[in-house]
Each structure stands twice: as structure tokens, then as C-alpha cells.
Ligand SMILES: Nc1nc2c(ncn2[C@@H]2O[C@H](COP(=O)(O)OP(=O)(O)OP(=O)(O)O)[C@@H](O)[C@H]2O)c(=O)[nH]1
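Before any questions on binding or motion, here is one chain by itself as C-alpha cells, the form predicted alone.
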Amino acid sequence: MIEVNEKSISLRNSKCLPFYLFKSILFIMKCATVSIIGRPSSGKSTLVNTICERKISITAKTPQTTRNAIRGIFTDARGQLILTDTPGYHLNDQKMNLKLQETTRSTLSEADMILYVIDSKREGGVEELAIIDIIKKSRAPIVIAINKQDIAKEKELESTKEFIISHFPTSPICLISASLDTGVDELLIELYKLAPEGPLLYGDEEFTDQPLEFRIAEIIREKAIIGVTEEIPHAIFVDIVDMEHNVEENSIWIRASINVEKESQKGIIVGRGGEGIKKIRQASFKEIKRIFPGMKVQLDLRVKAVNKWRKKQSILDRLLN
């Protein structure tokens, strides 16, 4: 066996040798589940997408875009990290937000380690302290990622670092920019240091365990919330009503419903002369087509009003599982 320094085997951007060759020269493979926690818009979803080098979670400027525990799978010569993106932790007693909090807490309790992403552009406040309290109750190892290094001032970075050290004096801290992919390889080194030894849980080529219908619904939801403001992004959910695969014609037909809470919101989504729904369909179609290479894709979108759905437990249980 050849011993390899872990700093020399960050293969995320390396194409020099095939994966199986690197894997064959290592003593030990590691595998860990990593739960990612942070406030809304701290950059958790962007970080998962950057690490996995493809879209795992949808992203938007709207806080709390992520509503589910979404797993991205990263595999390289060192082993495998199953990264779980969780909803942004926000203190609010509305029924939907309480469900999101529950999702985040339950995910942390099941993880081998916790990755805490903190926004260096925002001062630590009550919500940050609530997250810290949750993390401290876990027995899992903790790695800290101070995000948005590219746009933060030096004073903001130092202040954030001091805040973190005061609560987690022994945890590794990495300064990163998830959007620019800086500091991410160093972050992966720290995660692998703490990862337990073990066999891979997923195949080398797998990047997520999301069901196909969920992935399609999330793509449509992402495109629907772009360009709308105020409360409307939070009032949108998407249902895949039907999906038919025609083997003979090598085609797939998808019918989806974009749901809002009020009749007045339907008009905003549809847009004048149907221009809004047309843009959503075109943007969604382009991304969904990549999931079905070489196939003919038909996408039919409708907009419905589901009155006060965020207060209906049955809908929340179905959407936020």
C-alpha cells in the first residue's frame, strides 16, 4: 500500500487519475453522514451544490427556500460524505416554521457529524444562539464554516470567528465562499478527519437519493419563486400530478400544479397574457431536460389556489417529510 497525504487527494477538481486508481492506493475508506445547519440564507444549499459539483438543492434569494432534509452524496478517494441540507433555522411559531425546525433538529440527531454554516455578514443574534444551543446538545463532532468570505470585510470575519471560538473553542473553523468555491477543499479535509471508517453507503456515481418526482417539483418551485416578491415565494408549493413514460416514443410527459394560497396570487404567477407561467415553464423545461437526456420531454403546468395551505397539517406532513 502507498501512503498518501490527505492534502494531496482532494479530487473534487482533479481529472488526472481515475477514481478507482486513487481508491486502490488508500489504506482506509471513510464514510459519514453530515448534517448541515445554519440560519436562512447562510449558504448551506449553495455549499452542498458546490461540493457535489451539481445542483442538489434549489437556491434563491428568498430565505428558507429549502423545506426538506435534502441529501447530496460526495465521494472521492478518501471515502464518502452524505451531506444533508436542512431548512434554515428561523425562530417563528407559525405551524409551517415549527415543522421546518423539527426537520432540522431530527436530522442533527441522526448525523455522524455537524457542519455549522454561519454568515459572516450577519452578527450573531438570538437565532444564532438558538442554533448553538441545539448543536451543543448533540454529541456529534462539529466543524464550522464561516461563509461569504468573498464579500465580508476583515472586521466582520474576525468578529464572526471570535463569536464562534467563544462557543466552540476546540472545533475546526474554515473560512469559505460557497459561491466562489474557495476554502471548500480545506473544509472537506476537516470533515474527512472526523469521519468514521466504514464502507460506502452509496455507489461511486450517486449524487443524491431524492426521488425523481421530488427533484422535478423542486426545479419547478425554484423557477416559480424567481421574480416574485413579498410573501408569495413562501406561499408556493408544487405537486407532480402525473408523469407518463412512453417507451415506444422515448418520451416523458409531466403534468404539474403550482399551488399558491390565494386566488389573487394565481394572477401574479401566471402573469399578463400568460407571460409569467411561460417563463417558468421554459426555465423548468431546460433543467428537467438534463435529467432525461435523449428523451422527448413535455411539461404541462397549471396554477391552483389552495386556501391557507400552510396552516393545514395534512399538507405540511406530506410536503415536509
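Sequential numbering from 1, following the sequence displayed. If you're wondering where the values come from, they're calculated on a predicted model, not measured in any experiment.
Keep in mind that the form predicted in complex with this ligand is missing from the display, and what follows is about it.
K.L.:
Looking in the predicted bound form, is this ligand within 4.5 Å of a heavy atom from each of Arg39, Ser42 and Gly88?
P.N.:
Yes, each of Arg39, Ser42 and Gly88 comes within 4.5 Å of this ligand in the predicted bound form.
K.L.:
Identify which of Asn259, Ser284, Gln265, Thr66 has a heavy atom within 4.5 Å of this ligand in the predicted bound form; exactly one of them does.
P.N.:
Contact with this ligand in the predicted bound form is made by Thr66 alone.
K.L.:
Only one of Ile165, Leu129, Ile151, Met243 gets a heavy atom within 4.5 Å of this ligand in the predicted bound form. Which one?
P.N.:
Exactly one listed residue reaches within 4.5 Å, namely Ile151.
K.L.:
So in the predicted bound form, is this ligand close enough to Ile220 to count as touching (4.5 Å, heavy atoms)?
P.N.:
Close contact is absent here: in the predicted bound form, Ile220 is far from this ligand, nothing within 4.5 Å, heavy atoms only.
K.L.:
Can Thr62 be called a contact residue for this ligand in the predicted bound form at 4.5 Å between heavy atoms?
P.N.:
Although this ligand is absent here, Thr62 would touch it in the predicted bound form, with heavy atoms inside 4.5 Å.
K.L.:
Would you classify Gln101 as touching this ligand in the predicted bound form, given a 4.5 Å non-hydrogen atom cut-off?
P.N.:
Output for Gln101 is no: heavy atoms all beyond 4.5 Å of this ligand.
K.L.:
Is there a heavy atom of Ser179 lying 4.5 Å or less from a heavy atom of this ligand in the predicted bound form?
P.N.:
Output for Ser179 is yes: heavy atoms within 4.5 Å of this ligand.
K.L.:
Mind telling me which stretch in 203 to 211, 107 to 115, 73 to 81, 140 to 148 gets its heavy atoms within 4.5 Å of this ligand in the predicted bound form?
P.N.:
Among the listed stretches, the partner-contacting one is 140 to 148.
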